[in-house]
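The chain that follows stands alone, in the form predicted alone, written as structure tokens.
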Amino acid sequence: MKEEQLYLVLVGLPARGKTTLATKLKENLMGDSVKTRIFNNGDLRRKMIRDNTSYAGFYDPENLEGVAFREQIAEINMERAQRYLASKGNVAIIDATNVSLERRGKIQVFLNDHPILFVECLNNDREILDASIMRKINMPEFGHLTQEEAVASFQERIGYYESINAPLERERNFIRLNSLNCEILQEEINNDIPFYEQIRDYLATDIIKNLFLIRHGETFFNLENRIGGDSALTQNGHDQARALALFFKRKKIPLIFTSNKARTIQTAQPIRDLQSDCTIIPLPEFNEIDSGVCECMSYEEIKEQMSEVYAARKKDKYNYAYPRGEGYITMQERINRGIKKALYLNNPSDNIMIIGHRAVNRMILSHFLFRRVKDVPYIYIPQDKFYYISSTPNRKLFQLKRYH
């Protein structure tokens, strides 16, 4: 039986999630016993050029020396990809911008021994792009620049690529993907593409290797049974945060996503401090439910002072929204958006941690674990345990675990 083999060529402007997608595809194909390797032009460039290539002018289409060197890098990686398939590899992933018609034409001429599937990553969400750029400029090649200089340089680099960008439309086999929402926007398949159904399924699916979903530590409002607000942690809450930090000390946590509220950030800080390289990223999408006119009140006060609110919410907790506030049902869109952001910014091979709130964590769990909507507001979210979630095409695992 003839071995199935494929070149999977990524396309897209910088900071659009190509490398994250390449890793996701490789890990899941390998999990299905499909021998896969990534050939990343940026990684090769950084190995070959010891001098600084962070300056934007290197990517200027008018810089003939820079163009020639980048074409040389592309050719080397194409040769390596070809050798990999010749040595019984199944899928060679070419991870580069590949935004120009000229580059893609060269790829099709050079890699003519096996089918080619182009996948274009699209994302114009400004907030996500800014966060993605901030991650990019943490690379050593930007170490000699201030943060402001590095951001300006990277944005100028993007501008040069935009000037030669041509979307996929002439290629025989391609998929255009909203890389933030895992949404296939357009596809054109005219040949028999090996592993196509698997690849398409991975592209359209949220895949999480290891997610640790944690509720913030005890707050002063918790002691008084008050809702909302921005209460700080109690001493017990700080002790819980330190216990979490010790528990996760031996697990690599590159990013911790929190809400903008002090209690989640205070819970994250000891964990970050015991990691070798960890960043806290507050996302407003993970803020606790806005209780509107009831903000900072205790449930007992609501029952006594706003009996109609108390009764209406008790009758249908999922669909009820606090006056001038939110309900579970109105949170769904922003919570899903927060999950998409976290997955986009996190490398699929890394552990991911979200520190949220009770209602927020219920909604996050319901995103991955089926629950009737009427039951979502009652999912158990303790402060002395956390949820471990692994959601892949081949495995769904949910565990409630103690950390001390």
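Keep in mind that what you see is a predicted model, and the values were worked out from it rather than measured. The first residue of the shown sequence is 1; numbering continues from there.
If you look for the form predicted in complex with a small molecule, you will not find it shown, but the lines that follow are about it.
I need to confirm a contact call. Of 352, 339, 359, 345, which residue comes within 4.5 Å of the small molecule in the predicted bound form, counting heavy atoms only? Exactly one residue meets the criterion: 359.
Can you work out which of 103, 176, 317, 272 has a heavy atom no more than 4.5 Å from the small molecule in the predicted bound form? It is 317.
Check: Does residue 218 reach the small molecule in the predicted bound form if we count a contact as any heavy atom within 4.5 Å?
Finding: Because no heavy atom of residue 218 falls inside 4.5 Å of the small molecule in the predicted bound form, the answer is no.
**Interface membership of residue 210, the small molecule in the predicted bound form, 4.5 Å heavy atom rule** = No, residue 210 is distant from the partner.
| said: Contact with the small molecule in the predicted bound form for residue 108, defined as at least one heavy atom pair within 4.5 Å: yes or no? | reply: No, residue 108 is distant from the partner.
Taking the shortest heavy atom distance, is residue 227 within 4.5 Å of the small molecule in the predicted bound form? So residue 227 counts as contacting the small molecule.
*Hey, of 77-85, 129-137, 177-185, 227-235, which bit sits against the small molecule in the predicted bound form at 4.5 Å between non-hydrogen atoms?*
After filtering at 4.5 Å, what remains is 227-235.
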